[in-house]
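In the form predicted on its own, a lone chain appears below as structure tokens.
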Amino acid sequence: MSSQHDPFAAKDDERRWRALMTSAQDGDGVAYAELLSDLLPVLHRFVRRKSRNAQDADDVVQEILVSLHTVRQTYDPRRPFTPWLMTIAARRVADAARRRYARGANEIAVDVLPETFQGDETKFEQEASDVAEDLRKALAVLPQSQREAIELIKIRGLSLEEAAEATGKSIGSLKVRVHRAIKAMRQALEQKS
């Protein structure tokens, strides 16, 4: 019987995961690999149950695992592991839903993609590529602390609380770093154009 229907098995899973996570925090790579192996099917079931888009499930599970890895040192072994994990998972599912909603609001579905022609329309793809490259360059020249704040909060989508736990910095400090980073990147991009 699976642990999702058997309360005794669920308690065994909780004890096992808590012990594996505690060992992983102490640097035991084998325990960490076992933990991730145990969690993968659990997270897939959770994401498929919560997400309406099955195609994005693998990506969302990957994001959960990245978040887990990023904040693994913040787990308190005196507290239950499963609620901590499911809070992270629920936030990544919500982030994916927000991205999907935002993408849907700005995209139009077409049956056949239009061919590109010589002219201004064909420049959009190259311009988008150029902008992405400019952003990468602007991010690369930021001080390490600002780059880390941008990567955790704006790129990986961690909340301020999660990023504070991951970095050991205060939320206020992270807000200042993100603000200064965005300001510096904006100036760099304005100078470029």
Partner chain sequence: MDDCAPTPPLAHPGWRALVWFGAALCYLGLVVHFVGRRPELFTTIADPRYLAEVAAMFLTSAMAAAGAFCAGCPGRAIWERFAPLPFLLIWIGALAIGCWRDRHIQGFPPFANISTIQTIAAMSIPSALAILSMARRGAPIAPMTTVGLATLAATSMSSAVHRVFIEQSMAGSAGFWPFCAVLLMSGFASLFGRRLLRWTTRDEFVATVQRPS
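As the structure is a computational prediction, the values presented were derived from the model and not from experiment. Numbering follows the first chain given and starts at 1.
As for the form predicted in complex with the partner chain, it is not shown, yet the points below apply to it.
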Only one of 134, 38, 151, 165 has a non-hydrogen atom within 4.5 angstroms of the partner chain in the predicted complex; which is it? 165
Please check if residue 66 has a heavy atom lying within 4.5 Å of any heavy atom of the partner chain in the predicted complex. yes
Looking in the predicted complex, any heavy atom of residue 24 within 4.5 Å of the partner chain? yes
Heavy atom of residue 146 within 4.5 Å of the partner chain in the predicted complex: no
How about residue 32 - does it come within 4.5 Å of the partner chain in the predicted complex, if we only consider non-hydrogen atoms? yes
Can you list, in sequence order, the residues from 68-90 that come within 4.5 Å of the partner chain in the predicted complex, counting heavy atoms only? 69, 70, 71, 72, 73, 74, 75, 77, 79, 83, 84, 87, 88
Taking the cut-off of 3 Å or more as given, in which direction does the distance between the C-alpha atoms of residue 99 and residue 158 change in the predicted complex, closer or farther? closer
Specify closer or farther for residue 168 and residue 99: how their Cα atoms are spaced in the predicted complex versus the shown form, given a shift of 3 angstroms or more. closer
